[in-house]
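Let's start with one chain on its own, the form predicted on its own, as structure tokens.
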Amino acid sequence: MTTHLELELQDLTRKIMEMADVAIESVEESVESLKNIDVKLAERVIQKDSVLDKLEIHIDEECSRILVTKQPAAADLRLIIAILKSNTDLERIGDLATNIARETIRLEGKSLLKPLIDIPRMAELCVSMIKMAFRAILERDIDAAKSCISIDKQVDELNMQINRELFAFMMEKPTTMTQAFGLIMVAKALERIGDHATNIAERAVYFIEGQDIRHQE
């Protein structure tokens, strides 16, 4: 028989997966808006941030209520902690997607320095990482968590590559400085999204194995 606690945990898991879907959509749409300088799409991303904020508050409250009223132990406790902390990461991912969308709005009426290639690639990797991290939690898939963590190096390398290229643009043509700096900030936002996905994957490992792997080399 399914216990009341199990039903509450199932509902909590559904909520965090719903939040992950919204965060993923925000990342994808923010970079798509930048790629095409689509201001209307960027504005939708910014509006969507309030959805993530409301979900964060609701999930925080539910986690706190279950911890206080049910006093879960062992794996159930680790799951709630993983969801509670991942909740914060997803809200910050939404904030970073909003920052990218705001860069699109700043570019309204202008042309990009060049077609974007590496920034969309970073976004694809970040989205894959978020999906892997939550698959790890949902399916207790330790390999998915470790795969997510390993991909973060590729995101970091692309960030450095973008930085080198855009700084070269600024040196050669100072009139590109404002836009180049904005794109550097976009790449930094994506690099941070990768870090948040890594945090979620590390918590998935803790949930599955009871092992804290943060700060390990």
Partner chain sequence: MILIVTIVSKEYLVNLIRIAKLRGIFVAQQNIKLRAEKLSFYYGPAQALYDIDLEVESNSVMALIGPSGCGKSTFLRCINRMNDIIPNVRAEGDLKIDDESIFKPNFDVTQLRRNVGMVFQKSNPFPKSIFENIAYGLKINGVRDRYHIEKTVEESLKRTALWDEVKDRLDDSAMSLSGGQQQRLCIARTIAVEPKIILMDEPASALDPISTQKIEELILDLKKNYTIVIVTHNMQQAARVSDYTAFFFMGKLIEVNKTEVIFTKPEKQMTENYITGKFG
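Since this is a predicted model, take the numbers as computed values, not measurements. Numbering follows the first chain given and starts at 1.
Not on display, but discussed next: the form predicted in complex with its partner chain.
In the predicted complex, at least one heavy atom of E209 sits within 4.5 Å of its partner chain.
Among residues of the shown chain, I117 is not one whose heavy atoms approach its partner chain to within 4.5 Å in the predicted complex. Although the partner is absent here, L113 sits far enough away that none of its heavy atoms falls within 4.5 Å of its partner chain in the predicted complex. Although the partner is absent here, D76 sits close enough that one of its heavy atoms falls within 4.5 Å of its partner chain in the predicted complex. The stretch in contact with its partner chain in the predicted complex, judged by heavy atoms within 4.5 Å, is 76-84, chosen from 142-150, 129-137, 93-101, 76-84.
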